[in-house]
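Encoded as structure tokens, the following chain is the form predicted alone, with no partner shown.
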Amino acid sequence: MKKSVLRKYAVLIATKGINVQKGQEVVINADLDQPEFIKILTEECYKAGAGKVTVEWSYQSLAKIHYRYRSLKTLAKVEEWEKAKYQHAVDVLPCRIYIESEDPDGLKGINRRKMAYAQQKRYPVIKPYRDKIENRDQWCIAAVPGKKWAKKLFPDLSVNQAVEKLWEAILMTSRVDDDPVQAWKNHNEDLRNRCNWLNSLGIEKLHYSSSNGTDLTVGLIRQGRFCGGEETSLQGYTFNPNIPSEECFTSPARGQADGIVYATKPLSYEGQLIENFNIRFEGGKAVEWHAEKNVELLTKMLTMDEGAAYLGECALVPFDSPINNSGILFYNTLFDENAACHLAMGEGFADCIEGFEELGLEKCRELGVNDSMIHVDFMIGSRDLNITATCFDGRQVPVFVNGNWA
């Protein structure tokens, strides 16, 4: 891929993604797949005004070795230097960039029991730091091609050809054209208009139905609102948390979901794929689930903590979306969730509550925003998905008809 195009992408992430301000710190999390792009991105963050940029590298194969040889006690411990690092994030509020490129099957064979135990033990220590950062910082998730990810999508191409093909798909769906910054200004305005329409309805609950068997009703929070595209931190800085993004989303009311929903795309979770699964809800909680592949991993996900079995997000994405129209199944949630409507298990978003700035995190959770150590999106959109809103004033309003905006 031409460096001039990659630089446009880097500028987009630094300016519209995190919108780094003069003197702010930036932390970039990335795998080892595209060091040249990370170098470009780092430079563009500095050009945009960053005072300090730190890159934190990860490597799936190394993670598997750690989980194989470290004891449960060691894996579960949050070291003092880690606590100091989290406290630094609370004090400084660095902008965070997550660059995804992982192999969708890269953690296959990892010791799931060890991983779950470690995550569950570490979370109560990390959570207070996370809560203090919530909604205060700017962050952005974007992607670059990894070789194994590219070959998963394009197995008949050579490695170099597959990587180039995946670059093309990432840049196209991320609106990296002649002027990507302006393209995102226009896109944010479109998403904002759609959210304004949804919020004007006063929706009490949404009913999802599809010929695949989906028949689910989800209650919404009266004080809730739909958000999409550009967000604003409590510091007053706008940013785009996902590049790409096609969704208008809200956090549903905890305890108000009944029926069954069928996933329409595989879910890449912790470096492994869960395929052809469904979840049945009663009283808001997942009470039964099935999967043709990796049902044990699905069970682990839904039982990570008490909140993991409840919904944290309802997101509306037209079936006729740029990502879906690309014809590519990305095996990556950042892209696949923006190909069609999706739900998320686990943590909800406090900023989906009107006036959350004054209410605070705990009050938003009291109003019905779910709390959990996980937030996992799974895709439910299909060509014949219908979504009907029941409004607080009793009206029935079609929101989606045959997979697209009504």
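Just so we're clear, the structure is a prediction, and the values are computed from it rather than from any experiment. Numbers for residues come from their place in the sequence shown, where the first is 1.
Quick note: we don't show the form predicted in complex with another copy of the chain, though the next part is all about it.
Visitor: I'd like to know whether N29 contacts another copy of the chain in the predicted complex, with contact meaning heavy atoms within 4.5 angstroms.
Guide: So N29 does not count as contacting another copy of the chain.
Visitor: Does at least one non-hydrogen atom of V53 fall within 4.5 angstroms of another copy of the chain in the predicted complex?
Guide: Yes, V53 sits close enough to another copy of the chain in the predicted complex that at least one of its heavy atoms falls within 4.5 Å.
Visitor: With a cut-off of 4.5 Å between heavy atoms, is G360 one of the residues that contacts another copy of the chain in the predicted complex?
Guide: Taking the distances in the predicted complex, the answer for G360 is no, it never comes within 4.5 Å of another copy of the chain.
Visitor: Just checking whether D351 would be counted as a contact of another copy of the chain in the predicted complex - the rule being heavy atoms within 4.5 angstroms.
Guide: D351 lies outside the contact set for another copy of the chain.
Visitor: Could you tell me if all three of L273, G283 and E288 have a heavy atom no more than 4.5 Å from another copy of the chain in the predicted complex?
Guide: Verified in the predicted complex; spot residues all out of contact, no.
Visitor: Name the residue from N193, Q182, T303, T74 that puts a heavy atom within 4.5 Å of another copy of the chain in the predicted complex.
Guide: Looking at the other structure, the residue within range turns out to be T74.
Visitor: Can you work out which of V159, V125, A84, L234 has a heavy atom no more than 4.5 Å from another copy of the chain in the predicted complex?
Guide: The residue from V159, V125, A84, L234 that makes the contact is A84.
Visitor: Among the candidate stretches 55 to 63, 338 to 346, 360 to 368, 373 to 381, which one is within 4.5 Å of another copy of the chain in the predicted complex when only heavy atoms are counted?
Guide: Comparing against another copy of the chain in the predicted complex, the contact stretch is 55 to 63.
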